[in-house]
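Here's a solo chain for you in structure tokens, the form predicted alone.
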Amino acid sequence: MAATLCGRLLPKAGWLPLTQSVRHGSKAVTRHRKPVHFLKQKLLAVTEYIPPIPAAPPGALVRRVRKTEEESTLAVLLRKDLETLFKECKMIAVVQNNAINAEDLLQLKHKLKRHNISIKFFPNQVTRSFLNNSIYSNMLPLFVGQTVIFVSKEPKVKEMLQALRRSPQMVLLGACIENTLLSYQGILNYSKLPSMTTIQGELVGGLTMMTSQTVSMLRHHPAHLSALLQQYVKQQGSGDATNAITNKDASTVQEAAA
């Protein structure tokens, strides 16, 4: 029994099993691809061929027509009003509006209206378009941001500065006074000048004093000459009288001696 079992279970000589496990060893990979050097990568990127973009066939692209915006009628009217102001007014001041409220602006208008100074509001686009083609082109840098214009037919600089002292929101930038562009410091210097009536009075006084001095000088020489002649005549008359007296005395002495 044992012999039969051993003979069945034990493999016979020269017999191979139906399944056999085979162990495969790992192969050493020695041919890894080395990374490209970064300088070579830069060179390849620079020298890479970029094919040109094929041009579009004629007639495929539509021509772009530039639309020219026509100036509105309101802008034309405002520009004409601005041109009239620059011709008629001798003082045109540019003031920056730093968010003044309506009440303070109304009070400022009343203060300036007492001295015939008006506040005008014009868009910067209209103002700059007018100044570009005029003799006042040097005023272009003043019109940046929120600006207003103080205009007056007579240069009343002192009154304008006094009204602006109580309105810190309104900053004076510059002005054109009698066709002369002035900065803020120039406006202050101009305000210190005397008025035209005072200058005219001083001029008239100086001219009258000069004429009176001229008349007195012209009269002085003839009067002095006449006084000298009168003195000379008196001296001549007194000299003749003394000569006559001396002659009489000499004759009497001669007669007495004889």
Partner chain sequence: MAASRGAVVLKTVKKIIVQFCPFESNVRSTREFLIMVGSEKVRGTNMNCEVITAVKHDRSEPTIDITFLDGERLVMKGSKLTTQEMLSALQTRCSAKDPQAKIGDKK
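Numbering follows the first chain given and starts at 1. Predicted model only: the values in this text are computed from it and were never measured.
The form predicted together with the partner chain is left out here; the points below concern that form.
> Considering the partner chain in the predicted bound form, which of 179, 185, 133, 84 comes within 4.5 Å of it through any heavy atom?
Of 179, 185, 133, 84, the residue with a heavy atom within 4.5 Å of the partner chain in the predicted bound form is 185.
> So which of 162, 167, 98, 116 reaches within 4.5 angstroms of the partner chain in the predicted bound form, heavy atom to heavy atom?
Going through each option in turn, the one that passes is 98.
> Is residue 152 near the partner chain? Define near as a heavy atom within 4.5 Å, in the predicted bound form.
No, residue 152 sits far enough from the partner chain in the predicted bound form that none of its heavy atoms falls within 4.5 Å.
> Examine residue 125 and determine whether its closest non-hydrogen atom to the partner chain in the predicted bound form is within 4.5 angstroms.
Outside the cut-off, so no.
> Is there a heavy atom of residue 75 lying 4.5 Å or less from a heavy atom of the partner chain in the predicted bound form?
No, residue 75 stays farther than 4.5 Å from the partner chain in the predicted bound form.
> Contact with the partner chain in the predicted bound form for residue 108, defined as at least one heavy atom pair within 4.5 Å: yes or no?
Although the partner chain is absent here, residue 108 would stay clear of it in the predicted bound form, with no heavy atoms inside 4.5 Å.
> Please pick out the stretch from 167-175, 108-116, 152-160, 76-84 that is in contact with the partner chain in the predicted bound form, where contact means heavy atoms within 4.5 Å.
Result for this chain: 167-175.
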